[in-house]
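Next up: just one chain, as structure tokens, the form predicted alone.
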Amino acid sequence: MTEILSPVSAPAPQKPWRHRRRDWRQAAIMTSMSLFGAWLIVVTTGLAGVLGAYVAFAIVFPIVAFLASLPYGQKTGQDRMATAVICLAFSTAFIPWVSILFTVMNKGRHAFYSGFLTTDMLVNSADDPLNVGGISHAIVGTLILISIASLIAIPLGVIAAIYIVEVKGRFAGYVRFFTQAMSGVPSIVAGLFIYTTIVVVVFNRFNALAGGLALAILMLPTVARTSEEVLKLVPDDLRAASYAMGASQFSTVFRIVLPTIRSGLITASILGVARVAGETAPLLLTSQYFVKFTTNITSGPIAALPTYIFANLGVGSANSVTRAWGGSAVLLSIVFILFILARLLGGRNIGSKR
């Protein structure tokens, strides 16, 4: 006797995106209730300022999120409680960064005029009106110093990472140890080292090359350690496939491994640049400060944005402090532009047309 099987009913298709409006509505309600609760805490406890209001909101918001989720079950309540805490942690880390950026740009904009980026301070002083003098000499000097440090530190850092991860030579442990130790060296110590060995002994004068060498010492451990961690992300199967095709270790590293992690190596380089872009102490001992536009890297002192900011702050007048804020804004802008360019270059496909 043939058994007749009943057809299996297919589950009805779900449309989870329909619940997004409800989730946003609930989030808006919880945020409004949290703001009201924070206002009550501020009024009753006397917490003052933006910081006090944020602390009150940070206390109330997770509690409101947990209580509003209780009708949906304990797990949903715990999930939304954790989501609220994570959002608060993110905002706590993000708000100071936005505050710093806004403060620098807001106070630095008063120093900008049509010739601020194209003139130097050769015939002007820090106390002069803000419609004369400029920062071109410091911008060019910063780019020169960063270029020298990058040409030295980036290749050495990548080679050190390759030796540790790919070659795994007998001294790999010592190389890792010294790169970790170098990351803790104070910047003033790097400046003193270059001052006593390069400035005094070799050139007998302050110059950009010495400043670039000091920055390279500080930049090298960041590039090496980050490149090492990026190289560890490459799967061993990729290397094994290359060896199986008859490729040597040199070809595998430089034709397979490094192109695979190109964006990671660019990120490591940018982290190194960001590490040294604002250093002032080593530059005061190596490249010093010069008010004239110059591109000679060995003949004498050269300006940089950190030393420009330091020199103007040392004067202490209203116009000089405003110039220092303007230099800070330009320095942040240069690092941001370099980061954007690096991400654009690192985001291209390996096989794209040049």
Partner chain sequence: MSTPEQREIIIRRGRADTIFRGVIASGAMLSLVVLALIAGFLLFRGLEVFKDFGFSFLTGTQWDAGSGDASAPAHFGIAAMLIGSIVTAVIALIVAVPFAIAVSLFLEYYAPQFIRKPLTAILDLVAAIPSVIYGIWGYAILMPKAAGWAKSLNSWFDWIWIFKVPAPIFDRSPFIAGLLLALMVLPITTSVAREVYSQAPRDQIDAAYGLGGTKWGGIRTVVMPFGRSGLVGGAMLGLGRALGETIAVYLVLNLVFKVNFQILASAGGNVASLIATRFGEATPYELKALMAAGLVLFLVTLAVNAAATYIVSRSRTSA
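Values in this document were obtained by computation on a predicted structure and should not be read as measured data. Basically, rigid core = biggest C-alpha set you can superpose within 1.5 Å across the two forms. Numbering follows the first chain given and starts at 1.
Heads up, the form predicted in complex with its partner chain isn't pictured, but that's what we're talking about next.
Visitor: Does any part of Leu284 reach within 4.5 Å of its partner chain in the model of the complex? Heavy atoms only, please.
Guide: Leu284: contacts its partner chain in the model of the complex.
Visitor: Give a yes/no on whether His137 approaches its partner chain to within 4.5 Å in the model of the complex, heavy atoms considered.
Guide: No, His137 is distant from the partner.
Visitor: Ser328 versus its partner chain, in the model of the complex: is there a non-hydrogen atom within 4.5 Å?
Guide: Taking the distances in the model of the complex, the answer for Ser328 is yes, it comes within 4.5 Å of its partner chain.
Visitor: Report whether the minimum heavy atom distance between Val335 and its partner chain in the model of the complex is within 4.5 Å.
Guide: So Val335 counts as contacting its partner chain.
Visitor: Tell me which of 158-166, 112-120, 126-134, 261-269 has residues with heavy atoms within 4.5 angstroms of its partner chain in the model of the complex?
Guide: Careful reading of the contacts points to 158-166.
Visitor: Among Leu143, Ile188, Ala241, Ile256, which has at least one heavy atom within 4.5 Å of its partner chain in the model of the complex?
Guide: Filtering the options by heavy-atom distance leaves Ile188.
Visitor: Which pick from Ala181, Leu151, Met245, Leu233 sits with a heavy atom within 4.5 Å of its partner chain in the model of the complex?
Guide: None of the other options qualify; the answer is Ala181.
Visitor: Counting only heavy atoms, which residues in 219-242 are within 4.5 Å of its partner chain in the model of the complex?
Guide: Going through 219-242 in order - heavy atoms within 4.5 Å of its partner chain in the model of the complex - the hits are Leu220, Arg225.
Visitor: Quick one: core overlaid, is Ser183 moving 2 Å or more at the Cα between the shown form and the other one?
Guide: For Ser183, whose C-alpha is compared between the shown form and the other one after core superposition, the shift is less than 2 Å.
Visitor: Given a superposition on the rigid core, I'd like a yes or no on whether Ala58 shifts its C-alpha by 2 Å or more between the shown form and the other one.
Guide: Indeed, Ala58 is displaced by 2 Å or more.
Visitor: Is Ile148 one of the residues whose Cα moves 2 Å or more between the shown form and the other one, with the core superposed?
Guide: No, the C-alpha moves less than 2 Å.
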